[in-house]
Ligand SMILES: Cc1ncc(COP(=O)(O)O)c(C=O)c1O
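Presented below, as structure tokens, is a lone chain in the form predicted on its own.
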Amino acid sequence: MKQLKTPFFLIKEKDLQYDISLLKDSLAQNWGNYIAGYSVKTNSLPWLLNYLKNQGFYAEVVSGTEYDLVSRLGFPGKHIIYNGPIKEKKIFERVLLAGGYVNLDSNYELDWMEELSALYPNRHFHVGLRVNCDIGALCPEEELVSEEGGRFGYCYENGVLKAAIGRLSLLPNVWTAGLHLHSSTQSRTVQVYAALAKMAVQIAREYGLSLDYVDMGGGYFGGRDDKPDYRDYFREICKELSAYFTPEKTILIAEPGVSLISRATTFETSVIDIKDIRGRKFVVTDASRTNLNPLVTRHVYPHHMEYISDISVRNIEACQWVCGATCMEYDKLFEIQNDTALLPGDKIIYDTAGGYTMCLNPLFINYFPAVYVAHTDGTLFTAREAWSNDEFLQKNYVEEIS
């Protein structure tokens, strides 16, 4: 591969295809009747969305902007899954009328369904409900994302979910056809997903629901050999679902994001300078913590090095701090202890950098880095050029001062 100017993201098609096949095979072998959706918010790179569309993926969107993007890229309306707590009424209606999937999340969406039912009395609407259940109670050993519990969907424990099902049941042409069980924990264990699948069975039995689909959402581990993968998750999910549902009647939907693309994507940077300040070595690189962790919450960044010269003749440094390209003091990524001294021109390549990092990159000091795709045939494709002021100035205006 030719030398490319850093920093840049690199997507390796071979690794991407590996995880796509792993997902599809796991769903096919354990259930058979499935839809593979992709979480657009995780990485909305147009090249990636188009690639996944051609692999048969549906687009899982949570905003009008995302809906417009995937529509422009050619996803048919019936291959769109509309989730999220803040929906747009026109798009809500479009997706339903096109035969796509809508999982209700908020109270006003129930009002919209009552309006649509009256407006289109000859149409049949099959909708899903996002379930909010107490993961902490179901899986007390789990490390939760929030101590207060999840904030999305209709609460099962206090009867809000039951009331939502009741409201929909009063509409002659509307059916509660799906349950959306997306719920996250820090630990992402297989047991959490098994418990959620079991909850889908419990709710369907309790309220007499005959479901067209169960949507298990995303949040799975992926791209790591030391963690569970799709085979582990869907074996247990489907074991629980089969207690009540059958593949002949009920579709299993999965909406992965990070787990699908992290293995395939790296972020490549170069060492620009080494600063020796009062006995500390600071390694200055041409990218930033904001490229990899815009919320500045992480302290671990999986990575590997590529050295420009023989490391056997280099010194061993007790401590080196890898720093970013911004002028902010907090722009330090990680510390290297008792290891090979880095030199200008060496590369630090961050692994599993495809999920969220690319989309959350801020327009701060430097703009969006380039994105390249390494195809399986050895060719290189430019999926996005690095942004310059030509892109930044679009739709920005200044006033002439007289």
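Not measured: the values here are computed from a predicted model. Start at 1 and count along the sequence shown; that's the residue number.
Just so it is clear, the following notes concern the form predicted together with this ligand, a form of the same protein that is not shown.
Enquirer: Given that the partner is absent here, state which listed stretch (285-293, 165-173, 181-189, 243-251) has heavy atoms within 4.5 Å of this ligand in the predicted complex.
Expert: It is the stretch 181-189.
Enquirer: Contact check in the predicted complex: S39, Y220 and P256 versus this ligand, with a cutoff of 4.5 Å between any heavy atoms. Do all three pass?
Expert: Affirmative, all three are within 4.5 Å.
Enquirer: Exactly one residue in W31, F368, Y356, Y372 has a non-hydrogen atom within 4.5 Å of this ligand in the predicted complex; which is it?
Expert: Answer to the contact question: Y356.
Enquirer: Does any part of T265 reach within 4.5 Å of this ligand in the predicted complex? Heavy atoms only, please.
Expert: Flag for T265 set to no.
Enquirer: Can you work out whether T269 and this ligand are in contact in the predicted complex, taking contact to mean some heavy atom pair no more than 4.5 Å apart?
Expert: Contact with this ligand, no.
Enquirer: Given that the partner is absent here, does K87 sit within 4.5 Å of this ligand in the predicted complex, heavy atoms only?
Expert: Residue-level check for K87: no, no contact with this ligand.
Enquirer: Within 69-101, which residues come within 4.5 Å of this ligand in the predicted complex, counting heavy atoms only?
Expert: Only N83 sits within 4.5 Å of the partner.
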